[in-house]
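Only one chain is given next, in structure tokens, and it is the form predicted on its own.
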């Protein structure tokens, strides 16, 4: 693109997550060196598309194809089972795309999305936005500091009310054909990606799941235990656990708590998964804690590209350069999620994750 051109942005899907990205783009605009033109929006729920168009300035359209034709970059914010078909259409058109997580309802379709994006050589980014989170970026820096020693274990808890109610304004996550599965795939794929990002690759897993809401194929509690790749320095493997919960306590927002035990440092992320606080205690008794604006300022140089994930994507699309995180990074999380479900379905047997690509 030339410096005089605008970047035309379209949306397929106009629900809660599309609104989140639209507002994020609005915040990012003041720091972009090019203009954003709001192109088409489509949603099968016409009333939702009208409301989104009126609030955002996008033009309501009657099909995904119209949105693709009207746009330079397209945000895919539909239910999960639609992602592959839309990626196929967008890559055929040679347009840049932002695909919400998870990529697909199953590993094979996720791998096909990666293949299509590589084959077409388009700019692509996936909605694993915690890769831009100051809290997790700081935790990663603390973990890999020589002062921490080796990572020994991580305990990760993630809970939210089941997103078929409240501000989500839709119930498609109660349909396994559309969602693929429940709390692990549709929500805690973020957490698996953060375990890879902060600690390293997971090599094997053992998991159990429950279905308190009685929705076929949609687990609402899943706990998995896992091992990380052995440390080159010693051959020892860090171990850990992840518990993901969809409850009905609408008074409780989506919250995460992470505890990371290193030989010489204990690190916690508690409360907000973007602004912390992140706290740590060292073996010499010294402590630290960062949160809010102070945390953002301290981690600015540690975050790859722009701290705003949407600004990062739009800058990459405008310059026709690789975006971060892309669909290939998401595939590693899908491989681990696939192994976790295989374990849960087989009575908690230990399952190898397999090779990372």
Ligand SMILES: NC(=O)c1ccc[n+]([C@@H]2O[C@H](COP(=O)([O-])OP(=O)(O)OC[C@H]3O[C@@H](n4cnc5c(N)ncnc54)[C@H](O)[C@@H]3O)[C@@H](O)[C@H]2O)c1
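Numbering follows the first chain given and starts at 1. It should be emphasised that the depicted structure is a prediction, and the values quoted were computed from it without experimental measurement.
The form predicted together with this ligand exists for this protein as well; it is not shown, and the discussion that follows is about that form.
Of the stretches 141-149, 80-88, 242-250, 260-268, only 80-88 has residues with a heavy atom within 4.5 Å of this ligand in the predicted bound form. Listed residues 227, 283, 279, 170 were compared with this ligand in the predicted bound form; 170 is the one with a heavy atom within 4.5 Å. Looking at residue 44, you'd find a heavy atom of it within 4.5 angstroms of this ligand in the predicted bound form. Interface membership of residue 101, defined by any non-hydrogen atom within 4.5 Å of this ligand in the predicted bound form, is confirmed.
In the predicted bound form, this ligand sits within 4.5 Å of a heavy atom belonging to residue 14. Although the partner is absent here, residue 38 lies well away from this ligand in the predicted bound form, with no heavy atom inside 4.5 Å.
Contacts to this ligand in the predicted bound form (heavy atom within 4.5 Å) from stretch 178-205: 186, 190.
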